[in-house]
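Okay, so we've got a single protein chain in two different forms coming up as structure tokens, structure 1 first and structure 2 after it.
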Structure 1
Amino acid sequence: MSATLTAAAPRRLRFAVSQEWLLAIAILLLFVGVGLYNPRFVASRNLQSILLGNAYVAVAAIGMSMVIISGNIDISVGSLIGVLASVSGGLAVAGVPSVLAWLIPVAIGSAVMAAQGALVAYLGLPSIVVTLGMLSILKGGLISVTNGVWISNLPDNYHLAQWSLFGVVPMPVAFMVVLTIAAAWWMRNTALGRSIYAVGGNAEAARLCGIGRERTLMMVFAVHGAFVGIAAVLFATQLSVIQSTVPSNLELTIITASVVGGVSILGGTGTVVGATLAAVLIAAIGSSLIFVNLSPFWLRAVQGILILVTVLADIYRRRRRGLAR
């Protein structure tokens, strides 16, 4: 463990790259294996379903990765997505132009997360507790306000999923790809982005290097909130109705994607590209279980094994590098 913490930054990045390759290979093998078993699995329609239906998980996992890299965690993310999706839908139905119905949730998400970030950064409260409390507040609040009434009759131009970039890439998928690349570039090549690693890796050292821990943490949460907002909009604009309840276990899926993507829960390492790939892998596995006729009762057990195998592979790899060094 401590090997990674004291390792120099470039080495750390190289580790992360290999996790990404591992995931890419796993995705490829999965598609080849299941594709041989049932060619319909790799038909473009199914690939599109997998990507389109889960793009929002990947986008939220980008923000989550930043939070975890900074040495924190956010378990309110699923509830916040539920709340922001309802806000977005409510605005759209109320006649607000679609562009605003997309942007306002992003701003609110950022503000809510920044508030939680302030509690974590300036008052030193543990993020797991703050976000656990927020989870209850958001969930209870959503039900109190909406009573679970579905939002329907959304205006036609509200649905992002029906538009596509250059006529081929559906909008949500485009968002996923562009945001992943942008976030990865930002975290690797800007001082602000790199400071996230510094804060997560060794807060004390970061302080000595002149990086304001508090400000960085708050920024991380605010940026995460914006990603959550975008994820909520992708979530809301997918279908012709919005179910105004909190999607169950969504936070678990998102955290899993980040972790399987190679973001070390110890903080300080990992990239968002891995998180996005992991989100795709998890979605693909969910879909493939149906294709290979595995009894659906075993689905969750397979997911659990997947998480453990990925983590073990990662730890094993790190250890070997550590010894080789």
Structure 2
Amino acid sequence: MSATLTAAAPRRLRFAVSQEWLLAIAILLLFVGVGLYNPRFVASRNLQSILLGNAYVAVAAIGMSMVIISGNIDISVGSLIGVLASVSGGLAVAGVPSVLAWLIPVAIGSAVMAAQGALVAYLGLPSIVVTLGMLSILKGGLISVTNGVWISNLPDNYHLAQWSLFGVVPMPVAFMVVLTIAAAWWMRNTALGRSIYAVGGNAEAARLCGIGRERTLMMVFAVHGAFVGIAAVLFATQLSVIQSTVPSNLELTIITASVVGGVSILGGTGTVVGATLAAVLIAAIGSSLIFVNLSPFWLRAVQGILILVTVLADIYRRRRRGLAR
């Protein structure tokens, strides 16, 4: 009996200090601390702004987490969101039914990312090189095609992000929560989901176990593209107009959310739940800077610090694990 309790204790301890719990505690402390300094920070209007305005970042971070867990990275995600948002809005203005204007960007996002995944998987090109090239293509192409003109006169039934589920839960929050739970369950309980961890942790060992690295990487990038498409639709439908430019530093925010959420930049470990919590934390930090009278530009410095600290902690944990063996 005592041996069982002794064995269970470390598991409970690891759960208690997991990245998800640390992020949840950090979010709570941030709201309490800044709320005491400036009560307007915890006003319902500001809390709603933090969640609704950044839910699409959390959705994109779910797919990004899968890519990083597989041992790769996507630098083009911000540009692709900008392009797909413009495509969605353009279709809606052209008279295409709103449902198709929502679904077509998801299909395009999946196809574009699958193509990049093919270059990484079958040609052996580094993902950072492939996606960096795609970033330039998408960003330059978007400006060239639209000339930076905003898309307006959108149909009333197009604004999905302004709806509420059952009249209670805002649609962006519903998407964020449901997709996070579904992705976490899929990665933990299905063979395809577990293969992402296997390939990212040790590709050669995964191959010996019968897991096809190329097929898995193609699948990861395609799924990531679908999440990017959903994020783009949420981004496009949250306002009455769509800005036909790539959101500034969006890819950095999404990657930061994944890494700070506990996904190892070296691949093989991490969860999408942590990425969602980290996206909320980053959005809350950005909002809190305004309420404590600091320049919002400090958020970039905070993101950089968070990435460095998280990566160093991950390397330290890996070295300790290696020494323990």
Partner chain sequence: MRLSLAAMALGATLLAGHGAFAAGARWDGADDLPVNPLPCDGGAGTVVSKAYDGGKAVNAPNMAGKPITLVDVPKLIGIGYFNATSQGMQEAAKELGNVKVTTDGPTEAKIDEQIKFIDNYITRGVNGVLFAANDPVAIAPVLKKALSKGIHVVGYDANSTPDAREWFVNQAEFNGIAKSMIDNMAKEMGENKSFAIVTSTFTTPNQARWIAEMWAYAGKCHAKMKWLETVEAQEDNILSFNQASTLINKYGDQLSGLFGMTSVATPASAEAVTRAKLCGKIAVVGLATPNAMKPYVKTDCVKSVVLWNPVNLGYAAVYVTRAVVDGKLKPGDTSVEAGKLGKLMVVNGSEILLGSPFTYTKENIDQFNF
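Quantities reported herein were computed from a predicted structural model and do not represent experimental measurements. What we label the rigid core is the largest C-alpha set whose atoms superpose within 1.5 Å from one form to the other. Here, residue number means position along structure 1's sequence, counting from 1.
Trainee: Working through the pair one at a time, identify the form predicted on its own and give its number.
Mentor: Note: form predicted on its own is structure 2; the other is not.
Trainee: Please check if residue 312 moves between structure 1 and structure 2, taking a CA shift of 2 Å or more relative to the superposed core as movement.
Mentor: The answer is yes, as the C-alpha of residue 312 shifts between structure 1 and structure 2 by 2 Å or more after core alignment.
Trainee: Examine residue 24 after superposing the rigid core and state whether its CA is displaced by 2 Å or more between structure 1 and structure 2.
Mentor: The answer is no, as the C-alpha of residue 24 shifts between structure 1 and structure 2 by less than 2 Å after core alignment.
Trainee: What does the CA of residue 303 shift by between structure 1 and structure 2 after fitting on the core? Give it in Å to one decimal.
Mentor: Looking at the C-alpha of residue 303 between structure 1 and structure 2, the offset is 3.6 Å.
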